[in-house]
Each structure stands twice: as structure tokens, then as C-alpha cells.
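Shown below, as C-alpha cells, is a lone chain in the form predicted on its own; questions about how it binds or moves come after it.
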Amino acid sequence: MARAKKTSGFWRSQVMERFRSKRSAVWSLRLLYVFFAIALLGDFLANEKPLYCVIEGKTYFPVLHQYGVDLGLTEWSPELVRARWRELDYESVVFPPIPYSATTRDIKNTHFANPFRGQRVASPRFWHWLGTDQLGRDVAAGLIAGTRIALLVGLGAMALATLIGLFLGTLAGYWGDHGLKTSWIRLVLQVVGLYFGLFFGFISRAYSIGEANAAGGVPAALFTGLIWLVGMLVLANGLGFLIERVFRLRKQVRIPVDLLVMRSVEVMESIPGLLLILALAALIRKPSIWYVMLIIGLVGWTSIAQFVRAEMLKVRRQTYIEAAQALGLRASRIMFRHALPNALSPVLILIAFGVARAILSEATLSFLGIGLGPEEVTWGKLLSEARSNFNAWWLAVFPGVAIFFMVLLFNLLGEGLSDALDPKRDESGPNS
């Protein structure tokens, strides 16, 4: 065990050393930290509410207070419920660096205010440094809000795609077409449980999920549906187990897992990914960022499943897997505790590239006005507004540069991970 830990630590040190030798990947990671900080602290960087203020001798922290209001922990005092924060009489005040929210409309600077001239503001403190769109919304604030949405969709969609790909790829690679057997009654009950899980979890709750979308509670509604689905499958499996024991059903049915998974991958890949995403997004009645994340994740799992399957086909023939099987360990424990961790190296690379693709997909959908609500401000929406006025060059340049850099950084990170995880890489090669 000590030797295994030492080997693992040595491997990690070698991987980190190779990764650090790739300067483009290291700087990409550092710049991604900046993007993450902007996404997390966006409300403190761009907001129409002050960070700190004193009104009639009372001290307020409006930005922080808004978090409590959103969580239902507190309420605004009556005089501040509909306050126009820029017009209040402050004894002392500290505004964020950008004194506008992404949805704040400056009626004095509508119709594409130029970032360098022609703006009507009370003082330079309220200048729109990257201009405004047609409705007078600050472009810099929109870019900050778009950073949060881009990272949320990219990481959330790839998290879902990774879970699906890991699960299906592991099953296909470990069991193949002949390894998984079960009784016919348990198989039938699992199919029935899947149907009722989907029905009670999602189909019958479509109206409540739609209402939750309007109230911003889509994650909780979808999680409840997932609990229904898992619960029905567990119930069906338990019922099948009892029936097997009572009626002593020993006849086994072979399930060609590898065949089913790979045919599903071929069907998914036979349809262009963007076309499939557009078709599914067009079915959404009430647009939401959570639905976009779900759709992109459901479409993007195929490459991960293929790589995990290929790695599992090699790993399952290793001596330690055969030893675990000889010891009588459960198949699920062998797969997910012993085999899968040793097949994850290519997945890390795919995740990095997949996040970049998911961000591009979200930008494409928002550029076309599909999938997201009208109140959401994204990079793609800002970019699409440039079509209505070609003279508003800032609406094309700044969001386009943001999308380019975000995608480039994740691609460079993926290349760095690819080199670091490749044991055949020439250590004496030139630094990138």
C-alpha cells in the first residue's frame, strides 16, 4: 500500500511538472482564474446598487442585502423597495467600479451610445466605458453577467455529459456484450420502472416544472424528477429481487450493453450536434438557462463514453482487476472504485475541450435568440444586437473577443493536459 501511494505521488508530480512546462497552459489556467473571479464577484463589480452607503444616519450594504432578499432571509425596508439608487441623497456612498447592472437601462444613453463620445452622464463616474446597446444597457456590465452564464452553462453541461459518459462508457467497456446477465422478470420490471420514473418524474410534472422555471426554481424541480426516476428504478429492482427469490427464477438473460451503448453513440453522432441542440431548444416553451445546460449536456456525452469504453477495455484485463474478481468483490465496486479511476486520464482532456464547445453552443443559441429568456444578458445576445446597427462596432468587438478568449483558454488548457498526461512525451522537448 505504501508503495502504491509512493507511485501515485510520483506520477502526480511528473504530471504537474510536465503541465508546468507548458507555459501556454499555465497562463491559460491563471487567466481562467480571473474569469472565475469575475463570474463569482460580478455583483460587486457591476451593480446599480451601492456596495456601502449611509442614508439618514443608517448604514446599508445593498449588494449584500440583495442576496438575503433573494434567499428569503430578509426584506427591504419600504422606502428602499423601489429605490432609484443613483438619485438618493447619500451621506456617504461607495458604488461598484461599474455603477450599472446588466439589465439597467440608462434612458439618456439609448440607441447605441458610443464608448468614446456623445454620452449624456451626470459625471465621469457614470460613463459607459464600453458603450451601450439599443436599450441603453451597459455593455461592460453585460459582459460580466455573460461571463457567469458562459461558465455556468459550460461547466454545468459538461458535468452532466461527463456523468452520463462515464456511466455508460464504464458499463460498455467492463461488461461488453456478454458479461451482464439478469433474470427476465428483473429486466421487464426495470423497463417498467424506467417508464413510470420518467412519467411521474417529468411528464406528469411538466406544468409544475414550467411554473418552477418562471419562479427560478428549475434545478430543484429537475432534482425532484430525478429522485422520482431513481426511486422507481430502485423499487423495480427490489421487487424483481424478491420475485426471483420467491419463485426461484434462475434463468438469466444476456444484455448486450456494449452494443446498445455504441449504437446509441452512433445515432447521436449521425445527427450534427448543433442541429440537434437547436431542434431540442426550439421545443422549450419557457426558455431558461437550466434547459440550455441540460440540452447541451444530453448531447455532448458521446465522446466521453467512447474514450472511457476504450480505456475500460484495456483496464479490465489488468492483473489487479482479475485479482479483485477472484476475491469475490462486487462488480459495481470493481468498476467504479478500481477500474474507473485508472481510465480517467483522457476524460480530463475531453472535459476541457468540451467546456469550450459548450460555451460556443450557448453563444450560438443566444445569438439566434433561442433557449434563453429575454431578461438574460449573454455574450451571444450582445453580439446579435450588432446586426441591427453595423455602426455599433463595440457590440461586435467586445463580446466577440470575450468568446474568443474564453474558448481559446479552455482549448489551450486541454492541450496542456494532453501533453501532461501523455507518458510518451519527450521531457527534453522545447517548452511551449
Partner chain sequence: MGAYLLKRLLLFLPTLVIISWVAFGLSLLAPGDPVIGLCADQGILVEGAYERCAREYGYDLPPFYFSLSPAAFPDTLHRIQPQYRRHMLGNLVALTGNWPEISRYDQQLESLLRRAAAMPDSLNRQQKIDINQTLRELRTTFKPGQVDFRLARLDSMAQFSLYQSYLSQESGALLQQWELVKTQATPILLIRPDWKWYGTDNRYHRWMSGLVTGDFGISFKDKRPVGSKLRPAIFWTLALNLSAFALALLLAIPIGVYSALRKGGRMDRFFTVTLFGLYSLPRFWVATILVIFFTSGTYAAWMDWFPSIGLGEIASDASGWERFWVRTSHLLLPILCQTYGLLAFFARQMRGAMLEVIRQDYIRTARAKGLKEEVVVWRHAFRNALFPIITVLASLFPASIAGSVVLEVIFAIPGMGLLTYDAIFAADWPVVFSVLILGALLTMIGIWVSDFLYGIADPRVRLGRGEKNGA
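All of these numbers come straight from a predicted model, not from anything done at the bench. Positions refer to the first chain, counted from 1.
One more form of this protein should be noted, the form predicted together with the partner chain, which is absent from this view; the next part is about it.
- In the predicted bound form, residue 252 stays away from the partner chain, with no heavy atom inside 4.5 Å.
- Residue contact check for residue 127: none of its heavy atoms lie within 4.5 Å of the partner chain in the predicted bound form.
- Contact between residue 373 and the partner chain in the predicted bound form is not found at the 4.5 Å heavy atom cutoff.
- Shown alone here, residue 364 lies within 4.5 Å of the partner chain in the predicted bound form, counting heavy atoms only.
- Stretch 355-363 is the answer when you ask which of 231-239, 355-363, 143-151, 78-86 has residues with heavy atoms within 4.5 Å of the partner chain in the predicted bound form.
- When the partner chain is considered in the predicted bound form, only one residue from 35, 52, 27, 393 comes within 4.5 Å through any heavy atom, namely 393.
- The listed set 90, 336, 200, 167 contains one residue whose heavy atoms approach the partner chain in the predicted bound form to within 4.5 Å, identified as 200.
- In the predicted bound form, 386, 387, 390, 391, 392, 393, 396, 397, 400, 401, 403, 404, 407, 408, 411, 412 are the residues of 385-413 with at least one heavy atom within 4.5 Å of the partner chain, listed from first to last.
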